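This document starts with one chain, in the form predicted on its own, laid out as structure tokens.
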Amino acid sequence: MVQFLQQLVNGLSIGSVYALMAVGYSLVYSIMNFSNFAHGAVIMLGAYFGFYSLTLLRLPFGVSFVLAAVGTGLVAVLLERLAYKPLRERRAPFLYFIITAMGASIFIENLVVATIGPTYKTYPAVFGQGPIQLGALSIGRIDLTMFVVSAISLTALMIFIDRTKMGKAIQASAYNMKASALMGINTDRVIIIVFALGGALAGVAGVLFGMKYLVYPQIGNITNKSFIAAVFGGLGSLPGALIGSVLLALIETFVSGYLSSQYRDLIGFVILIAMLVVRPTGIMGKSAEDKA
């Protein structure tokens, strides 16, 4: 029973970070109907922003955390303005967006390798090393931080989407971009806000993931898991991204704990293939054309 609870705690902490990443995918997909594969590069930059804010600038953790989120939000908006907006204005096929996103990801990753270097970097101990003991259950301080920060960030996002005027504009644009523009909604501004929100969440995820593991140029590859989670829950659905992320993380941790860590990634991709075959729209996704 203790092992079960321990794996449950581990799965929830990792799943919460997966959710931050998957929500960024789903936000962009819901508006622009393509998968932003440059999202992983933005997450990687968030990990570096947080690391250098703590070590080089010696700022407090809270300030470093906010700077990382703001920095990645600006990077995401800049990426949209420079790479995606020209394609939108020319009404390019969605395949061009995907190719551009992949190219941007490779460019940013190699730029970091060329300027900062490929060496691994370790975050300084912010919350101490010792775990929190609840009887026989051991909860890592970073794991607890990951879960709490992710829960607060995702709750704030949901409140913004459901309770604000811009949130309603995002929902309307996700439903029908052309009709929203005809009704007077500034869809260009909506796209900027969506990329800023997705980028900020990517920065939060990057800092949390960098704290738990290491910081290196390929850390953005973890978005493969968040993409699986987004597809599993339903691309374009924020609740689906949350559910898919938590379920995927729980499956991975239980597979690692009861079988072997060698099967963890295998099971994840088997789930992706099975979902695409059985229910391509995911658990909570909706059918739509021209989505990739």
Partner chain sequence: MLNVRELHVSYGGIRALRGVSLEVNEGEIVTIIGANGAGKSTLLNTISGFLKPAKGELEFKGHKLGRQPAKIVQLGICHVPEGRLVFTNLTVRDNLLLGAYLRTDRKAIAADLEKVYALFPRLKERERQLAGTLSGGEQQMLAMGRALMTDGQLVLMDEPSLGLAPLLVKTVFEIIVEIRKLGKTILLVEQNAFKALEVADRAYVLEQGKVVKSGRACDIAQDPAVRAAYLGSKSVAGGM
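Everything numeric in this text was worked out from a predicted model, so none of it was measured. Residue numbers count along the first chain shown, from 1.
Just so it is clear, the following notes concern the form predicted in complex with its partner chain, a form of the same protein that is not shown.
Just give me the single entry in Ile139, Ala172, Ala83, Ile108 that has a non-hydrogen atom within 4.5 angstroms of its partner chain in the predicted complex. Among Ile139, Ala172, Ala83, Ile108, a heavy atom within 4.5 Å of its partner chain in the predicted complex occurs only for Ala172.
Counting non-hydrogen atoms within 4.5 angstroms of its partner chain in the predicted complex, say which of Leu154, Met166, Ala196, Leu214 makes the cut. None of the other options qualify; the answer is Met166.
Check Ile185 for me: does it contact its partner chain in the predicted complex (non-hydrogen atoms, 4.5 angstroms)? Output for Ile185 is yes: heavy atoms within 4.5 Å of its partner chain.
Is there a non-hydrogen atom of Asn176 within 4.5 angstroms of a non-hydrogen atom of its partner chain in the predicted complex? Asn176: contacts its partner chain in the predicted complex.
With the partner left out here, check for me: in the predicted complex, does some heavy atom of Ala104 sit within 4.5 Å of its partner chain? Residue-level check for Ala104: no, no contact with its partner chain.
Answer yes if any heavy atom of Ala181 is within 4.5 Å of a heavy atom of its partner chain in the predicted complex; otherwise answer no. Judged by the heavy-atom cut-off of 4.5 Å, Ala181 is in contact with its partner chain in the predicted complex.
Could you tell me which stretch in 158-166, 215-223, 198-206, 108-116 has residues with non-hydrogen atoms within 4.5 Å of its partner chain in the predicted complex? Stretch 158-166 is the one.
Could you pull out the residues of 32-67 that have any heavy atom within 4.5 Å of its partner chain in the predicted complex? Residues within 4.5 Å: none in this stretch.
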